[in-house]
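Quick setup: one chain, the form predicted on its own, written in structure tokens, and binding and motion questions come after.
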């Protein structure tokens, strides 16, 4: 399709999954309102969730999932070598996600306990950036489809895009959502990266920090307030460690 007699460049995109639930990929395919124009703006050459075609000539690679087995290392290195731009999508790809919880256990003992004399290949969970160079990260569990579309517009048409520099608390106020901490729920909204439009607090659930820390977040003040409201160190540590985005701050 030409516009002003110019042939627009459609970025060739490959979407790949590693250790994950594939929920972020489903987000890309499930937003019916914009799915058709979104697909017209790009050329999908590898995306198992939507097509059986598997090409290797992609410019941009969208990666869902973390690295949790040794055989996944070679595969992500091959994708990185092909892609001009590699984008980690979702909490698992950006931080290790829920899968990172297994790093607290002895994997050999757990493998034997679960699988007996038929152990499965397993290794410590790593985020994509811990294995190969990542050009851009889009956090969330799952990702925000509208955010991904805006980023693709940025990559394809050079439309300006910036991630929010404020925490989820701001989005709660924009939605007129009553603070979950005021309702007696532990919530990471004051220190978590915005961009999701705060669906969890709007639905009555305190933020679990799936998008990782907000820029310049006041972690010390959050800890003080959380303890003042009666939350234990154990509760706070478990919440911070759930998605892996606050690694080292527990």
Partner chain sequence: MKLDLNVNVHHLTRVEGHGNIRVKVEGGEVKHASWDVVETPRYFEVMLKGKHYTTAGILTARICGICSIGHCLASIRASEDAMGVKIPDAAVKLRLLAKHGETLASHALHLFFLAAPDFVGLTSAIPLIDANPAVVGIAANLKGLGNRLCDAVAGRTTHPVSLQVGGVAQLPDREVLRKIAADLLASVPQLTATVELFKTFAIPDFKRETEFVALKGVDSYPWIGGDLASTDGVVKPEREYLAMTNEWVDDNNTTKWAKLSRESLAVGSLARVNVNYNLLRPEAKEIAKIFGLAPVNHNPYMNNVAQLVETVHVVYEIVDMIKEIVEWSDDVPVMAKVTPKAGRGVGAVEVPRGILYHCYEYDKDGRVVRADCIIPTTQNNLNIHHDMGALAKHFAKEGMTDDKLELLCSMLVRAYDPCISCSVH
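Just so it is clear, the model here is predicted, and its values are computed rather than measured. Residue numbers count along the first chain shown, from 1.
Another form, the form predicted in complex with the partner chain, is not on view; read the next lines as being about it.
ask   = Any chance 51, 54 and 110 all have a heavy atom within 4.5 Å of the partner chain in the predicted bound form?
value = The answer is yes: all three residues contact the partner (heavy atom, 4.5 Å cut-off).
Partner contact for residue 60 in the predicted bound form: the partner chain, 4.5 angstroms, heavy atom = No.
inquiry  = Can you work out whether residue 68 and the partner chain are in contact in the predicted bound form, taking contact to mean some heavy atom pair no more than 4.5 Å apart?
reply    = Residue 68: contacts the partner chain in the predicted bound form.
message = Is it the case that residue 75, even though its partner is missing from this view, gets within 4.5 Å of the partner chain in the predicted bound form, heavy atoms only?
response = Yes, contact at 4.5 Å.
query = Would residue 102 count as a contact of the partner chain in the predicted bound form, using a 4.5 angstroms cut-off between non-hydrogen atoms?
reply = It does: once the partner chain is placed as it appears in the predicted bound form, residue 102 has a heavy atom within 4.5 Å of it.
ask   = Hey, which residues along 136-159 are within 4.5 angstroms of the partner chain in the predicted bound form, non-hydrogen atoms only?
value = Read in sequence order, the residues that approach the partner chain (within 4.5 Å, in the predicted bound form) are 141, 142.
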